[in-house]
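In structure tokens, one chain follows: the form predicted on its own.
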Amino acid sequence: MLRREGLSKLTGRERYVDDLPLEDFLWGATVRSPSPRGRIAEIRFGGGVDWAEFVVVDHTDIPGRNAVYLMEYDQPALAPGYVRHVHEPVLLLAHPSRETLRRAIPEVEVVVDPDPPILDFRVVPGPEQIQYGSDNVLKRLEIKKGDVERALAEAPFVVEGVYETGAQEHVYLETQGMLAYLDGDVLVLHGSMQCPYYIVKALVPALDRPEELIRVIQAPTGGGFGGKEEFPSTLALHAALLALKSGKTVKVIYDRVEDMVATTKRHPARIRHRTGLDENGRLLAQDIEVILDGGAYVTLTPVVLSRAIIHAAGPYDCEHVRILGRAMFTNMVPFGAFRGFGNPQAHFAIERHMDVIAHRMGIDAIELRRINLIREGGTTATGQVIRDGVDRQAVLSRALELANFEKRRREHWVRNSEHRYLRRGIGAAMVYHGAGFTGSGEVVLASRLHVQGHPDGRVEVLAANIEMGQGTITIFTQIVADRLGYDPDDIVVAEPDTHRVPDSGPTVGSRTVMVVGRLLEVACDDLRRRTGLGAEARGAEVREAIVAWHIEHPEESLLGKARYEPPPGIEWDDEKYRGDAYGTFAWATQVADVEVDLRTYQVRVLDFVSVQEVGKVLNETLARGQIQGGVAQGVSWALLEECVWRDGAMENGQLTNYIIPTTCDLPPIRVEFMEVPYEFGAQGAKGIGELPLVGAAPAVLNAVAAATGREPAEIPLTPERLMVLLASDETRGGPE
């Protein structure tokens, strides 16, 4: 099926939030803290501005609770007198002229009496830096399986390693944007977002306003990657406060710099592994510590930490596992949702560590993975039994075959001994990713979805899940067309509008096709049933039955309905962190072939292979695009994307010096799917969106290790870091 919204985007007809026609409106903007921590002593308004022309909002204008609710009520919408990070919102301004507004912002001086900040989550804070409890710990989580200390004490080999990952900016094409206006008594928010109902739930307590008087509509959204999951709630609240105070429509559009310096990013992480093995390389014990930088407020950090520790032991079977997870409060800009939700950090560490183990023990790195790769009936770190019918050994073998792994490894050995300054290497990573929300998350969400039959026989999908470039509209249309035997042109996917569509959950977590798509199938079946048809009815028969139903019920709506029910046999203990963390996992092997220039210390990825098992592939073009896009983002995180910080502020908040790859910087990304349909996903599909990013960074750095004889343990591996690494005396050692 061709992409349903592709032509409107290709021709420029798609109307994003900044394209929506407006008259008699105000531009909104934010005045932010210049300091990472301290008490606001004074706010000074410069004399060169006629402030009578401006709408000014501070924390006293918030009618309800001064908090942007998500998981906690800890993050204020506007600082009430104390700031905890640079760029924290303090005041809001609005004016009819965008240029006048921009000139006014520097005329507002926020004077802060500073307190000592903590800006490095890896450092134990001093007494004067403690801000939360006794240790600045935002969240603790633990997974235990077996007796780790005994297994480590008895293990013939113990290998340790520490791995660090940096922050990553989303760099979606469209920056954050939101409109707010009153339609009678109803406050309407219209903007770029991933989760319309998140915004509703945030605005109700902050504005002290009933849910029926808040309407949130998603505009066409130019990319998200998690960056438009939680942050649009803050932006919506700011726009709403200005609209309520002014009585006018308010439009807030971030420019690229503000978007980069003031919004959430991927959590930096420090992960320590201590691994016990027998003489043959069999894993006996895994002792893992995961530490994340949470930034100044909670946001979605507990969820990110949860997924990180669940995946931290990798796709391997080990009888004794202990994983301790901590997320730390710091005075950095809050970190939040980003494609993969903690799993990329976890897999970078375990897949780099597997190569380190192999080299120290003198075992082939691929063979080490084969020995330990989880098999049917094996258990994960949480005790989840894997019974999905996937041949994970075949996934690994096929990727190696496509990459000509052994041949290239031999060729690189010869070439490296002959070339004066170029070194080549090839590396692999085996990864997995839980699809959908963790543990009881999907049950708590209790997602609902409707399919409406219209009087002319057309069918409309009513769901809160959004299109942000990944293909939701196309896939939903395809699922309905296949289920009901309809022509795609007779299917409409409704604009996500909280006054029209039920809460089908957020567009995150690789859940849209697998979980919501399955609800769509159930709702289609229910629609058929309500018209009196059997499950085999299709096409014209369904259409005619819908038309006939409306003739008999002219005043009623015909809705097929579905509500989430967990697959049978799923059990999860939230307190013990034991059991079935996900309904199913998707699996992948990724192989990178690289060249290192010893003169410039630059790494060039020559070729990349990604083989993944994601259940049934519903639309190969869209699926392939998701894999290639995820790999590109992962390669970029591995080698290029470095957030440079000074006093808690991002110094390189522009695309001139926050480097992302062009097409010239990326290799051919060769994609192949292995299909094992999942019974409880739409048409057998599993989640796909996050999996391809997970293994890219460790595959690339494993290849760099093979090329250079060094063991990189930190990303991004910039030329500067590689230069320091190559100048060190640390080389690959033998068995310990």
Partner chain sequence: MSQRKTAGQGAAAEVLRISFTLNGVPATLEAPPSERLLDTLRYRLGLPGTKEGCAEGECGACTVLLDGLPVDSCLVPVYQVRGRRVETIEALDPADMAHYHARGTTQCGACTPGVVVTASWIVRHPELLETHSIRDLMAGNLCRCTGYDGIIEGVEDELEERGGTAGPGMHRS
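Positions refer to the first chain, counted from 1. Source: prediction; values computed, not measured.
Although not depicted, the form predicted in complex with its partner chain is the subject of the following passage.
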Open item on the list: I'd like to check something about residue 134: if you look in the predicted complex, is any of its heavy atoms closer than or equal to 4.5 Å to a heavy atom of its partner chain?
Closed with: no
Open item on the list: How about residue 10 - does it come within 4.5 Å of its partner chain in the predicted complex, if we only consider non-hydrogen atoms?
Closed with: yes
Task: its partner chain contact in the predicted complex: residue 397, any heavy atom under 4.5 Å - done: no
Open item on the list: Within 4.5 Å, heavy atoms only: does residue 668 come near its partner chain in the predicted complex?
Closed with: yes
- [ ] Given that the partner is absent here, state which listed stretch (185-193, 105-113, 514-522, 136-144) has heavy atoms within 4.5 Å of its partner chain in the predicted complex.
- [x] 105-113
TODO: Could you spot which one of 419, 245, 256, 387 gets a heavy atom to within 4.5 Å of its partner chain in the predicted complex?
DONE: 256
Open item on the list: Give me the residue from 169, 442, 229, 293 that has a heavy atom within 4.5 Å of its partner chain in the predicted complex.
Closed with: 169
- [ ] Tell me whether 212, 464 and 502, taken together, all sit within 4.5 Å of its partner chain in the predicted complex, counting heavy atoms only.
- [x] no
Open item on the list: Given a 4.5 Å distance limit between heavy atoms, list every residue of 1-17 close to its partner chain in the predicted complex, or none if there are none.
Closed with: 2, 3, 5, 6, 7, 9, 10, 11, 12, 13, 14, 15, 16
